[in-house]
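Only one chain is included here, represented as structure tokens and corresponding to the form predicted on its own.
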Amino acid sequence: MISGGVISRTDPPGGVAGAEAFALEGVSKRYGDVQALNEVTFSVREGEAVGYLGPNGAGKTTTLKLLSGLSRPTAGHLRLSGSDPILERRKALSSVGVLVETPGTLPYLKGSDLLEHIARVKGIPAKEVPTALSRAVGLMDVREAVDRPMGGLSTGQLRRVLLAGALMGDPHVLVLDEPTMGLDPAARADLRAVLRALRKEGRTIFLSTHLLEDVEAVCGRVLFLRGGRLQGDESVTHGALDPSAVLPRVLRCRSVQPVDLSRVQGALPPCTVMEVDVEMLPDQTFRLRFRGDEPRQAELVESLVRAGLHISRAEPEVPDLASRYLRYVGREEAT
């Protein structure tokens, strides 16, 4: 449910909710005259994989900076694993691994040098570093790549090494900014498979990207951001998460006999249907666009059957992710 940039929800789709991984409550961030985030509220449960979609300038990078401890909110509060990242910085951020979009790397350094440096920054005790490095490298399958200078790695290998860096210290939460950026289709598919495997391990993944395919392949839930405000919070495959919401629906029906527009309109209760399209297709398909819940949907189907239309199939059409993105966010040049 959305109200003034605040979206409230209950359990993640497809499973029982775990403990809270992180949460934003009324978070705003201003840079001078620019309001980058405006009273953003949402929470992510442990084990969820959540996509974060929006055009350039929507506030995605600002959100990731707040979650990774690189910036402080102007207003509102953040919680990471129950800790305040400002007052309890080390405790809160110990559970978070971050991959930024365009990290700077020194081409003459080996990947293992980078991972050891990340281990020191994260405060991993020296005697535990070899084990932590071996685990992260094994998860990302980059045992050979980390022994080579990073300047000689392919884009896919480098992204895997950087993601291994995010996994140092075995964080529960992964905050990833465009993880498949610059990869060819094969390398992108490989990295998506890695992210799905991490999700199955129980990692919480927060994925900011411009690629809808990444969200569809990895995530179960998606947040839409525009102008620093949340516009939608939905299941990737099943649409709106709030079952009480009264949303526009499209009911696709198939009749066993020819139908026309007047006959369908005459079979429906008044003040219900916003628009009716009769598609004169070989399979006698037509669509009903209306606003209502499942009981109203059942009422419409019953009305059609009572009118003798002999419906053989009726199923709701869920808009694909691309069309929902355009509905919530619009085209980038328009924002």
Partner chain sequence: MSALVANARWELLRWVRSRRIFLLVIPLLAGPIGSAIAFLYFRHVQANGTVLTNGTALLLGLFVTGGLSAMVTLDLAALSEGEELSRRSHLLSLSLPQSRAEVLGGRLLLVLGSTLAIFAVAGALVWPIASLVVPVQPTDPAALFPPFHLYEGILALLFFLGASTVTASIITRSASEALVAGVLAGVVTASAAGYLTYLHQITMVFPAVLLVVGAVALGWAFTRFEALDT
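Heads up, when I say rigid core I mean the largest set of C-alphas that superpose within 1.5 Å between the two forms. Positions refer to the first chain, counted from 1. The shown structure was predicted, so the numbers you read here are calculated from the model rather than taken from an experiment.
Omitted here: the form predicted together with its partner chain. The next part is about that form.
Trainee: So, Leu70 and its partner chain: in the predicted complex, are they within 4.5 Å at any heavy atom pair?
Mentor: Judged by the heavy-atom cut-off of 4.5 Å, Leu70 is in contact with its partner chain in the predicted complex.
Trainee: With heavy atoms only and a cut-off of 4.5 Å, decide whether Asp113 touches its partner chain in the predicted complex.
Mentor: The answer is yes: Asp113 has a heavy atom within 4.5 Å of its partner chain.
Trainee: Would Ser94 count as a contact of its partner chain in the predicted complex, using a 4.5 angstroms cut-off between non-hydrogen atoms?
Mentor: Ser94 belongs to the contact set for its partner chain.
Trainee: For Arg89, is any heavy atom within 4.5 Å of its partner chain in the predicted complex, or not?
Mentor: Within the cut-off, so yes.
Trainee: If the criterion is a non-hydrogen atom within 4.5 angstroms, does every one of Gln297, Val305 and Leu309 touch its partner chain in the predicted complex?
Mentor: Checking in the predicted complex: none of Gln297, Val305 and Leu309 is within 4.5 Å of its partner chain.
Trainee: In the predicted complex, which of the listed residues (Ala132, Leu183, Cys253, Val98) lies with a heavy atom within 4.5 Å of its partner chain?
Mentor: Of Ala132, Leu183, Cys253, Val98, the residue with a heavy atom within 4.5 Å of its partner chain in the predicted complex is Val98.
Trainee: Would you kindly say which of Ala189, Leu109, Leu261, Leu211 lies with a heavy atom within 4.5 Å of its partner chain in the predicted complex?
Mentor: Exactly one residue meets the criterion: Leu109.
Trainee: Just one of 133-141, 71-79, 227-235, 202-210 has residues with a heavy atom within 4.5 Å of its partner chain in the predicted complex, so point it out.
Mentor: Careful reading of the contacts points to 71-79.
Trainee: Who in 134-168 is close to its partner chain in the predicted complex, meaning a heavy atom within 4.5 Å?
Mentor: Counting only heavy atoms within 4.5 Å of its partner chain in the predicted complex, the single contacting residue of 134-168 is Leu162.
Trainee: If the two forms are fitted on the core, does Lys110 show a Cα displacement reaching 2 angstroms between the shown form and the other one?
Mentor: It does, since the Lys110 C-alpha is displaced 2 Å or more between the shown form and the other one after the core fit.
Trainee: Gly76: after superposing the rigid core, is there a C-alpha shift of 2 Å or more between the shown form and the other one?
Mentor: No; Gly76 is a residue whose C-alpha shifts by less than 2 Å between the shown form and the other one when the cores are overlaid.
Trainee: Look at Leu174 and decide if its Cα position differs by 2 Å or more between the shown form and the other one after superposing on the rigid core.
Mentor: Leu174: C-alpha displaced by less than 2 Å between the shown form and the other one.
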